[in-house]
Ligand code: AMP
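Just the one chain here, laid out as structure tokens, in the form predicted alone.
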Amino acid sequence: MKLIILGGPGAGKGTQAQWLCGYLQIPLISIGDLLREAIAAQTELGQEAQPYVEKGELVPDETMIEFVRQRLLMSDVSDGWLMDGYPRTAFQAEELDFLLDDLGQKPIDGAIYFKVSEKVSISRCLERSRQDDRREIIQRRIELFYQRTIPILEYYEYRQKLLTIDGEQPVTQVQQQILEKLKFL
């Protein structure tokens, strides 16, 4: 199964992604982790991404597509995966479809969207205290999410691949809702 996990900062994507990967026995492709590792290692792609990540901006599409291409070519993801942090725009969603086709892989099965309010997003991000979770950067990421990511929901909804989850519920209720909706894929 190939799944995408969507939601604004602090929506619970990371928590649910880890659980779902264990449940489905598929690897997690965390784009945020890939970016942080590439920046720390100062790879060519990491150096291209670093200034954007530091400002809370979206990394340019060409760079992101290359990150994803390199990751999807690894053998551990040949039988399925759950991707967190990509796509972030409708263009990237379409590019991911093209990339999978180009690599001779089947399309994604579904996109799970965790819907949470801006207030909950900010509160959760401040609680986890990661280096890039400063209030002004969180606010900028939320703005970008609403500007650029929301159109992805329409993209996947039109293709009947969107699963919307109330991300403000307790963790176990979110998990139950995910399992219920996955039955329809």
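Numbering starts at 1 and follows the sequence shown. From a predicted model like this one, the values you see are computed outputs, not experimental measurements.
There is another form of the same protein, the form predicted together with ligand AMP; it is not shown, and what comes next is about it.
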With the partner removed from view, which of 26 to 34, 113 to 121, 151 to 159, 40 to 48 is the stretch that lies within 4.5 Å of ligand AMP in the predicted complex, judged by heavy atom distances? 26 to 34
Would ligand AMP be touched by all three of Lys106, Leu182 and Phe184 in the predicted complex, meaning a heavy atom each within 4.5 Å? no
Give a yes or no for Gly85: in the predicted complex, does one of its heavy atoms lie within 4.5 Å of a heavy atom belonging to ligand AMP? yes
Answer yes if any heavy atom of Ile138 is within 4.5 Å of a heavy atom of ligand AMP in the predicted complex; otherwise answer no. no
Report yes if any heavy atom of Tyr146 sits within 4.5 Å of a heavy atom of ligand AMP in the predicted complex; otherwise report no. no
Verify the contact flag for Glu66: yes if a non-hydrogen atom of it lies within 4.5 Å of a non-hydrogen atom of ligand AMP in the predicted complex, no if not. no
